[in-house]
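There is one chain below, alone, in structure tokens, taken in the form predicted on its own.
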């Protein structure tokens, strides 16, 4: 009983949640649902009541005029309802399409705004997967919900009318139909339970399904698939995944088939009783042929159009609401980034300080960084070096606020970065990561990402400014060759006139994005790791000349960015091992000197 109350409460809260949101997006949607309920409820009575009068007229007075009127009433009535139903459904589809897109948008916004570290948690990934499939495959979203609501409400109205019609003939007919419906309803609940069990098991498998059938077939994997004959590996994984899903679906279908048989049997017995009972009444002159037809149609409507519809749609509603509730749970996750209240202007930036900062990733036992003490002053050039896995990129992610420190504090101008409004704080940063991404939008849009947030108050960045950015980042000549110039899409997926930038061009676009942002603190986190050390040095040196009067942090496991920096930080063993200028660290003859000597051959060879 308690479980039933829980399901009912979830059903009510879920329906209220989605209809509340739907009403805000399209106010007329709820009125449209009400009109569909009324029309669906009234429609059956045309075919229940009017045939009785036609048959009785044929069997009695045989007045052609009356017969034609009754027939026209049925034809015109059904036609008008069919036309109205089509109009309403068409309008409903338009509104539901918009509402569904809004739900997708809200889910996307949730994913984009949640804490970066939570995006890697298994529980969050599962919640996101359940929310996605719960709103599509299993429930049908707002349309599936409204199908159930319309079915239940209209069936209740029709039910009351049919009970009034049949009860005037015999209550035994209603009782027989009711018993059959109870059996069918019980069987349907078991069928729905099987579907729910599959839903609970599928998120983990569906993640691999999505990876295989959507992501891995993208162009980014095209070279490896062809050069290493990776098709066989993917097909093997796909077949294994399909077998797992097919096995679950077959088990579900078998259970549903087994529980469907008793329901069909109960329905057959009920109809047999109704025909025999009414037929006997006709033979005994207790019922006219017209009343016989009316009762048979009414019983059919009572069983399938009313009771079964109410019960099945109610069970479907609870099932769909359970699926859709996963969306509410995902949207309710308390993992939005917590912000401070302090503001900070770009020109007020003075220093960043790591004060005894330690960090370990969620769920990890070992520290990635331990007891980091580091101060970076305004307009200072810092190079952070170390071997792979030393924690260089992690340090940047902490600095960007993507992760919270485990111990200690990161301060800007003497205040914890958590005291600042996040949008205010990130305006201080221009970051180019090693795994930077370009969007499938235009070149200018890729450079102007977050333009509204990044503009200084009252500042307008004109086409002339964009041209300056082209020049400074070295893409001006390339842009001049593009047919649509800055409006060229950076992907051929959406436009055949789009382009796929080379690795070097993509790097320059990422750098142009950082320059356009015009933040006081610039960070390059190994964006040129795929290049040789000399080429990397040339890019860093050029970039260093472009960002005069700014603070810069260069992250690399190589040393090409070190010579022109004011201070070098050497990371290793999860902490800072050495600090100093290039000359000081060479004189120290420690880890940095050893790394430099190892890589020196590159520099000597290139002169």
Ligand code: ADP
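Numbering follows the first chain given and starts at 1. Computed from a predicted model, the values in this text were never measured in an experiment.
What comes next is about the form predicted together with this ligand, which is not displayed.
Item to complete: Report yes if any heavy atom of residue 390 sits within 4.5 Å of a heavy atom of this ligand in the predicted complex; otherwise report no.
Response: Within the cut-off, so yes.
Practice prompt. Decide whether residue 397 counts as a contact residue for this ligand in the predicted complex under a heavy atom distance cut-off of 4.5 Å.
Written response: Flag for residue 397 set to yes.
Worksheet item: Is there a heavy atom of residue 120 no more than 4.5 Å from a heavy atom of this ligand in the predicted complex?
Response: Although this ligand is absent here, residue 120 would touch it in the predicted complex, with heavy atoms inside 4.5 Å.
Worksheet item: At the 4.5 Å heavy atom threshold, is residue 368 in contact with this ligand in the predicted complex?
Response: Output for residue 368 is yes: heavy atoms within 4.5 Å of this ligand.
Worksheet item: Of these, 403, 273, 103, 138, which has a heavy atom no more than 4.5 Å from this ligand in the predicted complex?
Response: The residue from 403, 273, 103, 138 that makes the contact is 403.
Item to complete: Would you kindly say which of 73, 88, 436, 361 lies with a heavy atom within 4.5 Å of this ligand in the predicted complex?
Response: Looking at 73, 88, 436, 361 one by one, just 361 meets the 4.5 Å heavy-atom criterion.
Fill in: Among 342-350, 380-388, 103-111, 251-259, the region lying within 4.5 Å of this ligand in the predicted complex by heavy atom distance
After filtering at 4.5 Å, what remains is 380-388.
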